[in-house]
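Laid out below as structure tokens are two forms of one and the same protein chain, each shown alone and named structure 1 and structure 2.
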Structure 1
Amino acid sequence: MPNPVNASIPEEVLRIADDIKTMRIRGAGKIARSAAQALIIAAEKYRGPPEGFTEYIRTVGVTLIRTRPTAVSLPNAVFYVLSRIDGLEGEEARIKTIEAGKKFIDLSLTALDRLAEIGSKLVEDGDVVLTHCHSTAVVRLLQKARQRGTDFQVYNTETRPRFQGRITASQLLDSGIKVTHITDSAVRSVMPRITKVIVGADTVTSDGHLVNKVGTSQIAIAAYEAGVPFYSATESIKFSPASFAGGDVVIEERSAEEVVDPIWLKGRRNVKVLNPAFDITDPEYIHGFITELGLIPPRAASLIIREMFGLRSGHLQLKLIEEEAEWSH
């Protein structure tokens, strides 16, 4: 179905969508807050007829959801805002969109702060924490532990192909935390020195699976083998109501150029490059999810989803995602 109002989406909103797609804006929490901000901007800049607003803002929501498929915080942010204007029209809907967008950003930042506070208490003197990729939630948690005066150090993976681990290393070093930067493939060999693994999350499913940066599941298995507890630090907005309703998590495949030099690839046309951005860790390897609601065991994920989003939200989200799929054909 052609999208009739696409042309009127403000430039600034389309830029945010593009920045999410190209990962200039990245990290599941930041992506969600940026999507909420984009909805606020779209509502503030709307100049069309009042009766066209609801359709317009849904189109903006769908445009944002289409940018990256894996982190559920993105559709959760869009759904949070859109569900609050359900049944409203015109100016009332426009004002409520702005209010809901601001409220979402506020809640998300408060959750981040709270989970960092809760998680920081898990870090003890003498700990050697391993982390993967760059997660704002993990960095905040470690910074809080440091502020509390806990004496610990961190091993962090470089995280190929996009090297988000370098951001983690810089931020931890700036906070006075001792960091050892390792290649992704060194994880198992350093595991005997590690006392805790703490990674972020892009999506947590209702049955307690963790979807996170590719390589996470290998780390979880290596930690399990060595008897090292494995945690994921995640705001509850990364729990997936759609998975509760039977929806699958789509693992994003990114371009070959992120993995190999295009010139190298040009001369080797028969080489197939695969670049999945995320993988899935089974609940049995996960000690707990550090959330703003406390430390949650994987088997309790469905309770969190029910509590935070309600029973019907999964079906409603799936409907929105299905509409999105129709539009993209």
Structure 2
Amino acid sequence: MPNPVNASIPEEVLRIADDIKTMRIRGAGKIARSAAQALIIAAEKYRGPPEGFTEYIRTVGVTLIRTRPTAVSLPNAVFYVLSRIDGLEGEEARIKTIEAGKKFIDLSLTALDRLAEIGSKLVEDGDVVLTHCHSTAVVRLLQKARQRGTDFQVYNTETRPRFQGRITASQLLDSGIKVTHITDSAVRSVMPRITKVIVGADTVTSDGHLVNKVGTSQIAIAAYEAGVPFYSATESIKFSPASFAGGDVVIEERSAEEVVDPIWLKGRRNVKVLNPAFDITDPEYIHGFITELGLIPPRAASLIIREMFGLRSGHLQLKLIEEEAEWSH
């Protein structure tokens, strides 16, 4: 299969794609908004025959998705737009692409504020909230609760091996929130002191499974055992259309050098280091997903995917993944 990248794609769009690929553009929201902006630019600068627009904009979408194929917010931005021009062609499709792209950007920019407003009401005076890793959504939610005058404190994990929990602790402390920083392995020991668990999300599947930083599933099980409500705060752009169509969630395996000194590892040939970035939490351990659309029960995740990305988006995403695999070989 030929590479879909071609000269008809505007240079500005290719530059955005490269910035996403090289991680000059980072963070789920920024990646998603940049992809939507690239589609807007591509539609505005299209000068080909009207009947060729849909194929052209799909090619642009493929180009963007291939930059970071495992970042769920990226294909979701593309499919939010593409699903709204399904069955259209020509000038109507071009105008709808621009409109859908602008609407997606607006929704993304306001999502965190709405999510924080909704989630902050779940935090009550006297609460002891446990969180894991670093999530902008969780930090914003807790900051909003503090601004509302709620008196609570936070326990947060250091989150080995990259210690993202230190970022969370610093941001919460700067906001005047009391923080107790703990080792990951101390979660079960401190759970009797916890009243709520609120974590972020990397991906939410259509059947309500949560994909998040490794260690999340253990925290959820410990919370369930202790009768502590477990929530995930996440924008709807992290709900996965591909899972709706039966796609598997691929867990990223990171370098062993994040865990052990490479010199130590080099001299021990029989040692294998497993360093998964994420794990999967079953929906029965999840009290609800805190989103900009409201508090969502895990089993209602498929409804969010239908509303946001359309019924065909998951099948389209899987098809592109299959095409990418064929092209790369």
Ligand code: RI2
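It should be emphasised that the depicted structure is a prediction, and the values quoted were computed from it without experimental measurement. C-alpha atoms forming the largest set that superposes within 1.5 Å between two forms make up the rigid core. Just so we're on the same page, residue numbers count up from 1 along structure 1's sequence.
Between the two renderings of this chain, the form predicted on its own is found in structure 2; structure 1 comes from elsewhere. The rigid parts compared between structure 1 and structure 2 meet at a hinge, and of Ala222, Ile95, Val123, Thr110 the residue found there is Thr110. Remark: the rigid domain rotation between structure 1 and structure 2, smaller part against larger, is 26°, computed from C-alpha superpositions. Core fit done between structure 1 and structure 2; CA of Arg47 shifted by 13.9 Å.
Core-based alignment between structure 1 and structure 2 gives a C-alpha movement of 3.8 Å at Asp106.
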